[in-house]
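One chain follows as structure tokens, the form predicted alone.
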Amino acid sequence: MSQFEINILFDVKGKIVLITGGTRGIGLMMARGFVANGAKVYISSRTASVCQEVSRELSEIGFCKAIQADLSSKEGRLALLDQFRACESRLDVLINNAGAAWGATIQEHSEEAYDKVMDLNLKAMFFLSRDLIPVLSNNTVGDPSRIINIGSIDGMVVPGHDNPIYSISKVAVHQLTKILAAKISGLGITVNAIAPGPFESKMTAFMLTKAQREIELANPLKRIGIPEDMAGIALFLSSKAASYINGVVIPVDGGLHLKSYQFI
């Protein structure tokens, strides 16, 4: 069998994947993609009942285990680490997806809102990545372990909507991705980021309710993202085909980041 065949280059079967915030929105889109393609998937959420419900649903098509943890606190991150390590001694793919937004103008933003967004979107990502390095470390030159951070096109442009701290946190996520890629790739770990544009999720519900048609018209592809778009890029970055991709931020938005936009 040739090493260039699609079923080798893009295979994720048997890989162990941990997706934070994996019970809804783009986290769930990615989780479905991995489970459907034979990966062993762990999803985390702060709400135990939702986590268990999604895990049961995805377990009907493959392996999916729920881990309840609130990653906005140190205690929650340690709980996630303890529960994962109790199940696995290695990790092939870490997807740092858990995040929060806070719609408000600069004048209206409180320190509480700032801390909530930055603690989950950036601090949790940094420390969870750091603490999982021992189980991610992989000396397989041709197929390293992966960290995939979920950024946003709001970290690439100045968004028109009022969500400044979210946007700032995603700029930092993109830079964190590059720093980690430069510093830990020698351990057999690549680090990349996905910068999604608008997808259907709880976080984007308000914006899409107000301006979905305007967003679609502004997009070069004239639509918002669909689950296959997000699953596809996550599967690709986790496969052997992406083994030499490191330290990049990939917008998945139909080209929306190329345009100046203001929707609401």
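Counting begins at 1, following the sequence as shown. Just so it is clear, the structure is predicted and the values come from calculations on it, not from any experiment.
This next part talks about the form predicted together with a small molecule, which is not shown.
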{"query": "Heavy atom of each of G33, S145 and G232 within 4.5 Å of the small molecule in the predicted bound form", "finding": "no"}
{"query": "Stretch from 232-240, 56-64, 212-220, 23-31 whose residues place a heavy atom within 4.5 Å of the small molecule in the predicted bound form", "finding": "23-31"}
{"query": "Contact test in the predicted bound form: T47 vs the small molecule, heavy atoms, 4.5 Å", "finding": "yes"}
{"query": "Contact flag, N97 vs the small molecule in the predicted bound form, heavy atom cut 4.5 Å", "finding": "yes"}
{"query": "Partner contact for A69 in the predicted bound form: the small molecule, 4.5 angstroms, heavy atom", "finding": "yes"}
{"query": "Contact flag, S201 vs the small molecule in the predicted bound form, heavy atom cut 4.5 Å", "finding": "yes"}
{"query": "One residue of L180, A193, L120, V93 in contact with the small molecule, assessed in the predicted bound form (non-hydrogen atom, 4.5 angstroms)", "finding": "L120"}
